[in-house]
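One chain is shown next in structure tokens, namely the form predicted alone.
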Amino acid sequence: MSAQSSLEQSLVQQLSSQFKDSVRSSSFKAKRFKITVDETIILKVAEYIRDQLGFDHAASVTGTDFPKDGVIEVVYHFTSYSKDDLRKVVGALAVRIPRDSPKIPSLINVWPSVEYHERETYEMLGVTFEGHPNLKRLLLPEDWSDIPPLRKDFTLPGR
């Protein structure tokens, strides 16, 4: 095992040890790792990732609709500008939330860079980020009345 993948394994082990049964799954490979957590602790996990592990920047927020499972998965990708040993490592913090009531706490107070990413995920998948100070349309027209366009059951009008 390379020193780099050993670092990712160590990071996953730290998170699993700290948050125990609230970490539903985890994986790692060279320069990448992912953990999936309960939505009830996502804020605490993000703060730990920032404060204890040194990941000071969220690069993106993505979401995927899984209608057969009845969930939407939201994934935060984060990295570090301040710690040299973490600069090339990208972590992923994922949460799977009910599709019929997709709500999670905003991580804007942990990583301010998520502002527009959360807004886009709100708009395109219908995920409400509770506590986000500016959760309004970003790309779609203000009068959009259809379901969010990245939901699997969305169809273009006239098709």
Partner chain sequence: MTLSVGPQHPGSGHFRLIITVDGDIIVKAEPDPGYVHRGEEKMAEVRNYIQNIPHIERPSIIDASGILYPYVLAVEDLLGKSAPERAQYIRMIMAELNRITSHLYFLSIFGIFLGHSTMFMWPMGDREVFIDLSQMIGGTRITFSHFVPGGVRSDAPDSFADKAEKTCDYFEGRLKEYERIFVNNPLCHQRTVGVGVLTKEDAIKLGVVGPSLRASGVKSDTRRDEPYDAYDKVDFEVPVYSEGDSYARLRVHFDEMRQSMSIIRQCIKQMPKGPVKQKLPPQLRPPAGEAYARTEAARGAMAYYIVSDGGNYPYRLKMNVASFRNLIAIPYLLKGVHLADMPTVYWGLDYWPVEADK
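Every value quoted in this text rests on a predicted model; they were computed, and no experiment measured them. Positions refer to the first chain, counted from 1.
The same protein also has a form predicted together with its partner chain, omitted here; what follows describes it.
Engineer: Glu115: heavy atom within 4.5 Å of its partner chain in the predicted complex?
Structural biologist: It does: once its partner chain is placed as it appears in the predicted complex, Glu115 has a heavy atom within 4.5 Å of it.
Engineer: Quick one: does Arg24 come within 4.5 Å of its partner chain in the predicted complex, counting heavy atoms only?
Structural biologist: Because no heavy atom of Arg24 falls inside 4.5 Å of its partner chain in the predicted complex, the answer is no.
Engineer: In the predicted complex, does Glu120 have a heavy atom within 4.5 Å of its partner chain?
Structural biologist: Contact check for Glu120: yes, within 4.5 Å of its partner chain in the predicted complex.
Engineer: Decide whether Ser60 counts as a contact residue for its partner chain in the predicted complex under a heavy atom distance cut-off of 4.5 Å.
Structural biologist: Looking in the predicted complex, residue contacts with its partner chain include Ser60, since a heavy atom lies within 4.5 Å.
Engineer: Work out which of Ile97, Met124, Leu53, Leu43 lies within 4.5 Å of its partner chain in the predicted complex, going by heavy atoms.
Structural biologist: Here the answer is residue option Met124.
Engineer: Quick one: which residues from 11-29 get a non-hydrogen atom within 4.5 Å of its partner chain in the predicted complex?
Structural biologist: Read in sequence order, the lone residue that approaches its partner chain (within 4.5 Å, in the predicted complex) is Lys29.
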